[in-house]
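Only one chain comes next, encoded as structure tokens, the form predicted alone.
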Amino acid sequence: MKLYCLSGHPTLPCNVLKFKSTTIMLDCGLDTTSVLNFLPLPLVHSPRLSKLPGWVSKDGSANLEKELKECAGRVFVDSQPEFCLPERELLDLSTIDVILISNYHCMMALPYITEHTGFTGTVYATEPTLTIGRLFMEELVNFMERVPKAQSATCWKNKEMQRMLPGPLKDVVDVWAWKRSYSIQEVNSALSKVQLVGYSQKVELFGAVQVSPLSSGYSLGSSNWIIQSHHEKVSYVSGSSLLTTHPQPMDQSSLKNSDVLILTGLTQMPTANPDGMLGEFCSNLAMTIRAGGNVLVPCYSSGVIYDLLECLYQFIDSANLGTTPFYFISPVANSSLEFSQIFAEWLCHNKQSKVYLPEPPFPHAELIQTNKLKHYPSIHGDFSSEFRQPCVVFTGHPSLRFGDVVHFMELWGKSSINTIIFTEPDFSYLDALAPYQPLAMKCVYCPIDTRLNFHQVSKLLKEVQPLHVVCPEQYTQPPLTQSHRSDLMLELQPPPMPYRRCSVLNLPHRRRYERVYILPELANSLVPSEIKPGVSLATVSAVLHSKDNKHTLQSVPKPPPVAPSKKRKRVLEEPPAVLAPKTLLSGAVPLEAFLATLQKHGFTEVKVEETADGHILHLQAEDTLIQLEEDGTHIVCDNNEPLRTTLRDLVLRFLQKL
């Protein structure tokens, strides 16, 4: 059993498991943190960005003015943003049989995998994961295609050139693996390979293994996966939550009795309490609105935004925000809000029960009906005529590098009465803000990450007790900035097996058993012999037939009769005879009883020596050794066949014949 690790990002994993002749990819997350090295893509011409000076090295030897721009002491690439793809050279990706997707955040690299590697397999995901994943991909393509950049910066990626650059560009790795966004055609082609599955549904893969998704409690349709054969069980835990939010609660009991548990996707904010962050979000928002300022919330188009809107729904009246407009701007805003209301069976019990009242499970439906929440595909069109301030705007992308959020940063960034509130934990807010400095607007960091923290995961692992745990190496040591915090790492016995990008792990579990079926007519011919009370054995001579990873014992076919030939008689070759199986022996030779028997038969001078495997009896007068071991008995005597036969018969008295 082998694990190939293709991603170095612990919450955007991409691993490949080789298990019982199947090759299974576990998630294909796209590392989008690389976009922080690029300049933002403004929807309308930005005089500020266009006037940024180009970068030239201090000694003048490197001139990349056209590719790199300087802003507030940092250097950025002036090109279409690029993403860090999973490693594609570690193994042949065309050999992958299936891809298992755990949630919509962990499938963004799917078109790069399915469309450009010769992949011919199947992708398995739940319906909400596919639907919301499609929205995320369509939104990303839309963000990129509506602000195309003619130039493509590549000179700075040259190793010699990169060494001369200032940080953090100098330190980024695998820059040649970075790629521009895919097209909508590639998205549609990739998603056509997805097969939908429901929680606890069992899917057979080539008769070798069975895969099954379990609710992970993190987002709509998010899953952990069980991969098992008849005798081995591997659990894949990725992006799970024990908090009571909108998705179905996490299924923990099905993870028990795992031989190997692969653990990824823990919280990126182990010290931030999500409830505390929600409270801080609401209070900062209210303070800004009361002061006449606007609030900008960079967010994804699904997920935490549902919880933010629900929190605001309960908070609006008590904070006297009833007249403040809330705007949700995304190319997929309408679809996201509608889909969240129709996936009732994927929601927690409390929200499911509302559907039968009938009431919408999420309160944002009421906010839309009362005109408190309005959604638009972009800042152009209806939004520009209906827009009024002060207001709250939810829009993407959380990296602040593309999407409508870039326009609002340029519009509101110069005023100190406005506030930007970061709720998504995927990007460093200081890095996200870097190309907008100097910035007058207030910045509040309230990262809301509901995934498992180290305390919760330690408790979970104690309950499910896997034999072996595999996890990213980041989880086996405290964060660099808090090296004294041993509570912010996994401390397990035995220690977990760590992995990093491009590592190949030989998982410690060894396959020992295989299930074999026996045909009824063959079973009927067996004659069991009782070897001890309650235990019977039978010998079997059969042909082992293996097909589609199913193994069957069949009767040995009788040789067909040979028809006499009319031609000149030849000596017919006899068909090979099927030899009768040798008699099998079972049992153990008891030392004291055997010594007494030897005494009776005249072997009086016997010296006994104890060994690691049993005993050696030395018949001194006959110069003969008898080795009594757990799994065999050996008689060693030189050129005395009658003596050997006599001793053999004495040994056989204590053994049972099958």
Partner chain sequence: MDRECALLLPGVCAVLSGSGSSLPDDTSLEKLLDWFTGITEAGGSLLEACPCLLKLISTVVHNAASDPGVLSFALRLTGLLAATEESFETIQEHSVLNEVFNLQHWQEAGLWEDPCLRIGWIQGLRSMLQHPKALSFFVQSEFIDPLLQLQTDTSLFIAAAANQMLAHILLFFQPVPPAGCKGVDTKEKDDGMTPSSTDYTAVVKSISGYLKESLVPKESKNVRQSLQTLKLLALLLAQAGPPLRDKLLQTVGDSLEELVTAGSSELTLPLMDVILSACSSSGTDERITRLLSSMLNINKPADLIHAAAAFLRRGQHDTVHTARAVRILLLPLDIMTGQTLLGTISTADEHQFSVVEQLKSKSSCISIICVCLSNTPQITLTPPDVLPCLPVSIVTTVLSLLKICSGNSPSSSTGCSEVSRNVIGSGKVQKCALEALTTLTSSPGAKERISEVFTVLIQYLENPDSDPTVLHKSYQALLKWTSVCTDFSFITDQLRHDLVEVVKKRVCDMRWEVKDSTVEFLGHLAGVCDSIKAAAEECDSSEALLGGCSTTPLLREALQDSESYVRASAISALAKTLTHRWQQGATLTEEEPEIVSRLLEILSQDSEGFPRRAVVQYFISWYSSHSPPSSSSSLLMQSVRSVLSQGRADLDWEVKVHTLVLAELLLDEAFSGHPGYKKGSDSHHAPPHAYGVVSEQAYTLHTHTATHTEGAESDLAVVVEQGVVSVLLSGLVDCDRPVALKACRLLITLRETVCPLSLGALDASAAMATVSCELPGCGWGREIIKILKMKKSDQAKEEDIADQRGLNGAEEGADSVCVSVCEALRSLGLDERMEVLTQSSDHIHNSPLSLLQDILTASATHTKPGEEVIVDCY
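Residue numbers count along the first chain shown, from 1. Being a predicted model, the structure only gives us computed values, none of them experimental.
Separately, the form predicted in complex with its partner chain exists; it is not shown, and the next lines address it.
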### Query
Considering its partner chain in the predicted bound form, which of S189, T122, S283, T95 comes within 4.5 Å of it through any heavy atom?
S283
### Message
Considering non-hydrogen atoms and a 4.5 Å limit, which listed residue (Q465, N273, Q151, Q185) is close to its partner chain in the predicted bound form?
### Response
N273
### Query
At the 4.5 Å heavy atom threshold, is K157 in contact with its partner chain in the predicted bound form?
no
### Query
Should F387 be counted as a contact of its partner chain in the predicted bound form, where contact means heavy atoms within 4.5 Å?
no
### Task
Using a 4.5 Å heavy atom cut-off, state whether R500 contacts its partner chain in the predicted bound form.
no
### Query
Is there any non-hydrogen atom of D382 lying within 4.5 Å of its partner chain in the predicted bound form?
no
#### Entry: Non-hydrogen atom within 4.5 Å of its partner chain in the predicted bound form for each of K58, S61 and E473
no
### Partner-facing stretch of 77-85, 401-409, 307-315, 165-173, counted where any non-hydrogen atom is within 4.5 angstroms of its partner chain in the predicted bound form
307-315
### Summary
Residues in 287-310 that come within 4.5 Å of its partner chain in the predicted bound form by at least one heavy atom, in order, are M287, R290
